[in-house]
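You are given structure tokens for the same protein chain in two forms, set apart as structure 1 and structure 2.
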Structure 1
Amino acid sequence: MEAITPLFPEVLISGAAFIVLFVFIWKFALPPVTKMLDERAEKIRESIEKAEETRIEAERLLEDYKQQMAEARNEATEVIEQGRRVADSMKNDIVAKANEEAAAIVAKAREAIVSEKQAAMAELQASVADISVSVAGKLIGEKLSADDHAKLIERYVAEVGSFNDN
């Protein structure tokens, strides 16, 4: 039973040792350790929060870029479509104008041909009249023998032929 009774010197020394260690840990050892543990916990919390924020920001940016890409694609399609429309309308204009011009040229040419034809007809009529007058003059001026008659016709024909050559 001896061992179960605390010995006073042991009580004193173990008590004093406990108090010394407690004061040392309380006043000197623990504050830097717990401070550092708290700082680390805080730092880890901050890092996690920051990472989360960065992730959200990255997702937002990605969404923005996707939207911008889609907008740009739509815009490009529209520009191309508009270009096509403008080109089409220009083409139509040009073709219409060309047709108009061609029609005008044809009409003018036709007019010119008609007037040339009329001029030629008028000139021909004048020539025929002249020839008739000179033939009549010649008939009136001399008595025609059968030979003369034949020669006259020949000359006339030759004259008409030479006229045709002109």
Structure 2
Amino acid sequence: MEAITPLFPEVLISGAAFIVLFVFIWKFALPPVTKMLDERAEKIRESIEKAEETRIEAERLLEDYKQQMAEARNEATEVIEQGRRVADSMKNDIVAKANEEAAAIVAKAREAIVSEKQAAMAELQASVADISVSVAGKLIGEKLSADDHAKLIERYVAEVGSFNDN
């Protein structure tokens, strides 16, 4: 059992070597390792902060985009509705003009019919008066003078005109 128990000088030399090595590592190796770990932790913290800022900015941009899209949809709807209103207004104007023109054409046609009717009636009255005078002259058996002829035509036109008025 002697081999398992270390000797005191070996323990002392091993302890001294451990203390020297511990001090050396503590003084020279530990500060750079600690500094490297701190820098790495700082970089990770900065990366997380930047990622959070980027996420917040992305959310803000997404909200802006959604708002712009909603505004664009509203504007498009408004433009379409305005186009419909303009088209309806133009349609109504065109229909109103067409109705006015049709009414004017109908009125002119009626006026033309009335004037043609009056002209035809006047021509017919003149023809009937001439024929009536001619027939009356043959029936009477004598020729009428120009004055008698004019008086007879005026009386006949007056009688025929009074029938038209009814």
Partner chain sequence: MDKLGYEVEKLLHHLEPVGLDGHHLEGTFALSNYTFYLVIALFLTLLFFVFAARKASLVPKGFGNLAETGVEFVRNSIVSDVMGPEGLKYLPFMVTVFFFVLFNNLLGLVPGGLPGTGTVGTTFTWGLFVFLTYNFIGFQKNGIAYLKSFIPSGTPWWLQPLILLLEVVSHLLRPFTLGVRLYANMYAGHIILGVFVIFIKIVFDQITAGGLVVASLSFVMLILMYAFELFVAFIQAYVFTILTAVYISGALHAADH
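Computed from a predicted structure; not experimentally measured. Rigid core here is just the name for the largest C-alpha set that superposes within 1.5 Å across the two forms. Residues are numbered by position in structure 1's sequence, first residue being 1.
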Legend entry - Form predicted on its own - which displayed structure it is: 2
Legend entry - Did R60 shift 2 Å or more between structures 1 and 2, C-alpha, core superposed: no
Legend entry - Threshold 2 Å Cα movement between structures 1 and 2 for K97, core superposed: no
Legend entry - Inter-form CA displacement between structures 1 and 2 at K27 - rigid core frame, Å: 3.9
